[in-house]
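Just one chain is shown here, as structure tokens, and it is the form predicted on its own.
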């Protein structure tokens, strides 16, 4: 076997299980270290998965010879910690969002390129079977160009969801609410399908039902594209349960409706094509939330193959700039002057 990739995880909170379980499953990868400013979290991760314990990521980057790190930190730390790794010649796979500021995201891409390292951003829902079917039918022309689309997300995040965190529900650390944390995936999927450059973003944001946090719990808006397509979005986290997200696309040759779990494509000639995630093919994680999906391992494997030079990185920092600009513009262009970032 070739030399194993030496990797580390920075941030051992809830989402890290998706990364740590994946790392443990790959024979060509060695978990060298885990890092968290809360030492008990790092120790718990080390006891379960292995790796040395650090509470300072800079100390870890100095002491360990690493090929890649996974950044699983609060949103505002994604870029600065990634840049620290780049400057040590270490590739980075960062959780979404890429950044809470577009200019910072651009700077991170520039520095990664200068340092000659790989920079990946987690958007695991692109690897769902329904997403892949619809994307392929857009690309192969069977559906044709997307003329318009809509995304709908109605989930539930009570006040205690924010109260239990020292960074969620804040402008300076999370960068927003339902858009940047929950709806970013569905908006990314629709934007990916449309495949054109946005020329205008309109939005209205509200905090309608939360007392603990100050960011938006409701949002709606419109994105206009260079190729004439339009995308409407609606998101809120006041629904008391997490309903499946839904994306609808009206295309030249038919319509596509899909969630994270299933897709239905109806062509203009009346034929129908469907896709569902196959539970038997899904990676088994030891924890996590159902709405995180099951494709972290797929994207992590693809990132490792890119680091090893076996294939091109698919969801790079440069690719993620596309959705980062839209998300940042949604906040920038919010026309509700009573809720300003």
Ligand SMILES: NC(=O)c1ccc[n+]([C@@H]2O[C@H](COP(=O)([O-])OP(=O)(O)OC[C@H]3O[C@@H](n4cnc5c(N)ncnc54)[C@H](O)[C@@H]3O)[C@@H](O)[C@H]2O)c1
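Keep in mind it's a predicted model, so treat the numbers as computed, not measured. Residue numbers count along the first chain shown, from 1.
From this point on, the text means the form predicted in complex with the ligand, which you will not see here.
Enquirer: Can you check 135-143, 69-77, 235-243, 199-207 and let me know which stretch has heavy atoms within 4.5 Å of the ligand in the predicted complex?
Expert: Checking each option against the 4.5 Å cut-off leaves 69-77.
Enquirer: Heavy atom within 4.5 Å of the ligand in the predicted complex: which of 192, 167, 267, 102 fits that? Just give me the one.
Expert: If I apply the 4.5 Å criterion carefully, the residue I get is 167.
Enquirer: Counting only heavy atoms and a 4.5 Å cut-off, does the ligand in the predicted complex sit next to every one of 150, 217 and 257?
Expert: The answer is no; none of 150, 217 and 257 reaches the ligand.
Enquirer: Mark residue 41 yes when one of its heavy atoms lies within 4.5 Å of a heavy atom of the ligand in the predicted complex, and no otherwise.
Expert: Residue 41 belongs to the contact set for the ligand.
Enquirer: Can you check whether residue 188 is within 4.5 Å of the ligand in the predicted complex, heavy atom basis?
Expert: Residue 188: no, not in contact with the ligand in the predicted complex.
Enquirer: Given that the partner is absent here, does residue 118 sit within 4.5 Å of the ligand in the predicted complex, heavy atoms only?
Expert: Judged by the heavy-atom cut-off of 4.5 Å, residue 118 is well away from the ligand in the predicted complex.
Enquirer: Quick one: does residue 321 come within 4.5 Å of the ligand in the predicted complex, counting heavy atoms only?
Expert: Because no heavy atom of residue 321 falls inside 4.5 Å of the ligand in the predicted complex, the answer is no.
Enquirer: Out of 85-104, which residues reach within 4.5 Å of the ligand in the predicted complex, heavy atoms considered?
Expert: Read in sequence order, the residues that approach the ligand (within 4.5 Å, in the predicted complex) are 95, 96, 97.
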